[in-house]
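Just the one chain here, the form predicted on its own, laid out as structure tokens.
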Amino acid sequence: MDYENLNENVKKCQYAVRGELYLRASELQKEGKKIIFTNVGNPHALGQKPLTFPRQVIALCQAPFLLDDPNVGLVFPADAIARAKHYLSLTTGGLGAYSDSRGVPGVRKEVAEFIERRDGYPSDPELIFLTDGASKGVMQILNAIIRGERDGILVPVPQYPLYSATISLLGGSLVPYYLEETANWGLDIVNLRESVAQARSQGITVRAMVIINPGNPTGQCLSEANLKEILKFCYQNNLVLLGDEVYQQNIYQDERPFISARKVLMDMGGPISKELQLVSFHTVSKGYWGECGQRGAYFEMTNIPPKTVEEIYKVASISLSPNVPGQIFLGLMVTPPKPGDISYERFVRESKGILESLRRRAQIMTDGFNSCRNVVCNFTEGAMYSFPQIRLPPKAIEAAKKDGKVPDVFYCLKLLEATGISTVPGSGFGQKEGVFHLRTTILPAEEDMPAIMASFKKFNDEFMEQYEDYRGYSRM
């Protein structure tokens, strides 16, 4: 496996979230420097406490002998005991045995019921596959779509680099469509049409479109009208729509609540609701659960032909089974405690507390960035990130070039060295030429947030003082 002989697609793929900045942060941490890892949406690593009820259920499922202990009711609430017995009854051999390659049928049924409650339309468990995290599901679907370098996937820019990395790995072509920062990262259908036309002029067959709603790294929430436009566009252009909806619980404003692409599609009725092909993704890693390490997720297929579903099942079978504890976490996410259950009040208190704190943190971070010299930041409407624009002075851009660095990488490295704040440069997500950003999560503990933002402001303003000849930059 000499480097020269590796698959060229492996060499081409880049993943900035765990790239140069993260590696340098890890080195500094080994040297004893305190690092605040805001580079990845990993809530528990930044101090978020696990929800009690799902952990109780999983503990009992992992150690079923506890259920036979006469004192189990002194330690675990009756509803957690009942749910553990329920999930164990759905498996063949407990958590240590493989499940169906699509996931435990009983859990898939719970996911389908959740989708029906959310959208108001029935969902078929046979069209729901459980996966080891949403990323694995995205990779499975892109693997089925991309046949070669002439197949293009429309991806929003800025985008989560899972998409660019996977498309590179599979040998396809990424077709960017730019979100408009001055319109709160809105999507322009005219821009979409231009992107498709340009790709086609280069001999690329555009086969699918990705939406990330709420946005990562941009934090915007798509309106119903916007989703209708997107669905019509995909229908007219015969595109599969991939709806990355993993942040659907993370909403920090009331004007634009989350609405699924599937619900809007079904509401539209007519031929489009029966013909447009849609794959939707959700996970236990985000929301107020934040259970990233459990790797529990699903994708649901709408209007995908039965023969295609069979092929996707065949490929899923190669991996034998998604991890079973992650599947149970997913079941618990879609069927949380109900009013009247012993654990209900505690569950609501914990989950509400996390979401309310995230809403406050989103505001603290947005206000903090907007108080800094040459920094402009849209409010984080949803998801877990701020994506401020950093107006780098020409002297800083020159210094970066001399150092052999992309300008925003240069800035983020200086920030890391000075403050210990580990971020991701905007170039890792894609951005317009000559415009620079960074992405940070809003996940540090609420009580630490003012000090983190003060530290950022001190660094930024000193950086600008060092490299700036004049003031008065405006946002592009």
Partner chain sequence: MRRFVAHSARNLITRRRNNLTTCVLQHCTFPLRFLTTASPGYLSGHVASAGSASAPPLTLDTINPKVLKCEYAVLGETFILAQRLQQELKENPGSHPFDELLYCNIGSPHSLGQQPITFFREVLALCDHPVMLDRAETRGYFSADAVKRAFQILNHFPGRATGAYSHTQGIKGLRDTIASGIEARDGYPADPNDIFLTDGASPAVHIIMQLLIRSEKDGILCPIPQYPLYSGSITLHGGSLVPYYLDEDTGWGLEISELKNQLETAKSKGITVRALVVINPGNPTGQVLSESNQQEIVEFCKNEGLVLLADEVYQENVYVPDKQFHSFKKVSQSMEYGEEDISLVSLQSVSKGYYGECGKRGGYMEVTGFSPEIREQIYKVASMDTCSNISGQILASLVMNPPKVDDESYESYSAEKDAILSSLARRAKTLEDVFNSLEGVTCNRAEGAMYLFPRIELPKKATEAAKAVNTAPDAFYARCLLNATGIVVVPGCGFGQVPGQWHFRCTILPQEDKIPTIVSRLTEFHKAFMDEFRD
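It should be emphasised that the depicted structure is a prediction, and the values quoted were computed from it without experimental measurement. Positions refer to the first chain, counted from 1.
If you look for the form predicted together with the partner chain, you will not find it shown, but the lines that follow are about it.
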Wondering, does K458 line up within 4.5 Å of the partner chain in the predicted bound form on heavy atoms?
-> no
Applying a 4.5 Å heavy atom distance criterion, does P339 contact the partner chain in the predicted bound form?
-> no
Would D2 show up as a contact with the partner chain in the predicted bound form if we use heavy atoms at 4.5 Å?
-> yes
Although the partner chain is absent from this view, report whether E398 comes within 4.5 Å of it in the predicted bound form, heavy atoms only.
-> no
Sort through N184, N303, Q198, Q363 and report the residue having a heavy atom within 4.5 Å of the partner chain in the predicted bound form.
-> N303
Taking the partner chain in the predicted bound form as the reference, which of K352, K85, R150, K274 has a non-hydrogen atom within 4.5 Å?
-> K274
With the partner removed from view, which of 389-397, 353-361, 251-259, 292-300 is the stretch that lies within 4.5 Å of the partner chain in the predicted bound form, judged by heavy atom distances?
-> 292-300
Answer yes or no: in the predicted bound form, does the partner chain come within 4.5 Å of a heavy atom in every one of G41, T52 and G96?
-> yes
Which residues in 62-91 have a heavy atom within 4.5 Å of the partner chain in the predicted bound form?
-> Q62, A63, P64, F65, L66, D69, N71, V72, V75, F76
